[in-house]
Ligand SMILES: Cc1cc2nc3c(=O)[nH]c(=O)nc-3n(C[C@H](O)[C@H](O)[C@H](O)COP(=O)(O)OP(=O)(O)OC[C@H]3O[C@@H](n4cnc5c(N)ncnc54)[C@H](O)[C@@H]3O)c2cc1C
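The form predicted on its own is given below as one chain in structure tokens.
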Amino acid sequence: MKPFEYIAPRSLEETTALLARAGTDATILAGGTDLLVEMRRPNKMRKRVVVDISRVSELGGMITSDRSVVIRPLMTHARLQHSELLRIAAPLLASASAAIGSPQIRNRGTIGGNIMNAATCADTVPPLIALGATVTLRSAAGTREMPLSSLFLRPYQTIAAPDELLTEIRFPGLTADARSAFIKLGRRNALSISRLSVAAILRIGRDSRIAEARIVPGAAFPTWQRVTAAEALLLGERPSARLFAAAGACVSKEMILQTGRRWSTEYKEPVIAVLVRRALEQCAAPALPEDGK
């Protein structure tokens, strides 16, 4: 491990001032579950300053504001997993947080780190994009807000400048008639990294037809996105296994159109279709006919 300067600011103002001075020489430490691993790898740690934000109280906690849920970046996956607020307002995000790593990792890892690391396997990002989340970046020069889906350039790279810090994640809570699901596939049952995942939200009207649909796969596209073509297939239709299988096939087709065929396509093509179908079936379980047709 190469030597570095360690700084632990106590306020948001102090943090942004440090980042403004250090620029590209600084890296941010929150939970450390990704960064500390990278620091031990040869030729990986090139930053001379580590800014530990874990003591900055303004970056912790979760509140409701103007019918929206506001999550600060230092919220751990364990706290999100057990949040009563999320169980009502965004159960798919609670499910995704519960699927991350081990209890030890969930106790240390933060939602801010999961987002800003920008790994395609990040479990909290598909649910947040399905929820329509926006994020706020802050620097000494000011703040800017954007849709979470616009934050990512490519795997492991965001549009955040070196002196910018993620300070807030905001999304409207789900309405009472909305149902959601999060499913992931890993190589094993515990401590698994997502090979593929799906976040889904359905709202079924009083006429038993689908009034709203949102589908966001994880680790399927270069960056996360809603698959609007598959969502359009569902609108105005009655829930059925056949309909959900068609939506899954549409997602699989869109994935191949954007990424092409590669060594992993052989398993990803059928698997993402099945995950989408299962996620939608979970969302619509009370409304599905008994024969599943």
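The first residue of the sequence shown is number 1, and the count goes up from there. As the structure is a prediction and not an experimental result, all values here were calculated from the model.
Not on display, but discussed next: the form predicted in complex with this ligand.
Comparing 195-203, 84-92, 208-216, 118-126 against this ligand in the predicted bound form, the single stretch with non-hydrogen atoms within 4.5 angstroms of it is 118-126. Note on the partner interface in the predicted bound form: the residue among Ala99, Leu148, Ala181, Ala178 having a heavy atom within 4.5 angstroms of this ligand is Ala99. Contact annotation: of the candidates Leu153, Ala140, Leu185, Ile105, the single residue with a non-hydrogen atom within 4.5 angstroms of this ligand in the predicted bound form is Ile105. Within this chain, Gly32 lines the site of this ligand in the predicted bound form, having a heavy atom no more than 4.5 Å away. Residue contact check for Ile71: none of its heavy atoms lie within 4.5 Å of this ligand in the predicted bound form. Shown alone here, Ile28 lies within 4.5 Å of this ligand in the predicted bound form, counting heavy atoms only. Residue contact check for Leu166: one or more of its heavy atoms lie within 4.5 Å of this ligand in the predicted bound form.
Shown here without this ligand, the chain has Arg108, Gly109, Thr110, Gly112, Gly113, Asn114, Met116, Asn117, Cys121 in 107-121 lying with a heavy atom within 4.5 Å of that partner in the predicted bound form.
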